[in-house]
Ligand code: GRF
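First, one chain by itself: the form predicted on its own, in structure tokens.
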């Protein structure tokens, strides 16, 4: 089992780090984890190197499919990569790309819904709970089937920042757990990773 974590140019890499820590702790049954970054200088790439994980610098928009084929990657985890992947990549790797979103999809998702905007949306809606969703990546933002959701209460005194902090703690639990679920369902020898 070979996993690639695709990070962005600006994110600090906390979800990537949670996956790496779970893998290094023996809690994700994978043979290899590689971080794919569009820039060698991104904070997430630097953190990955500090954690002793291999980092490959490439453009996910144009080079990801070739990388997956050449390196025999089984699962791709987006962690702070904000761009929509090309339709041909998503189609070729159907059900092999997952992402995490800081809300209970399908609510508070879609293009432009990231960072504090999500938590502001949750608070302005009056929702009594929030959480995170690990979902399959499709051609549209945040529309893939959920693999796992974890929930938390929205408190009366919450600000976007306090809610974001609680949801982020859930994200760090959810992503490794969702990877284990994916491996159990789709990553076993002789199984085809398609729904």
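Residue numbers count along the first chain shown, from 1. This one's a predicted model, so the numbers in the text were calculated from it and none came from an experiment.
Same protein, other form: the form predicted together with the ligand, not shown, and the subject of what follows.
Residue 100 is the only one of 100, 89, 95, 76 with a heavy atom lying within 4.5 Å of the ligand in the predicted bound form. Among residues of the shown chain, residue 80 is one whose heavy atoms approach the ligand to within 4.5 Å in the predicted bound form.
Residue 173 falls outside the set of residues with a heavy atom inside 4.5 Å of the ligand in the predicted bound form.
The ligand is not drawn, but in the predicted bound form it has no heavy atom within 4.5 Å of residue 9. Residues of 1-15 that come within 4.5 Å of the ligand in the predicted bound form, judged by any heavy atom, are 11, 12, 13, 14, 15 in sequence order.
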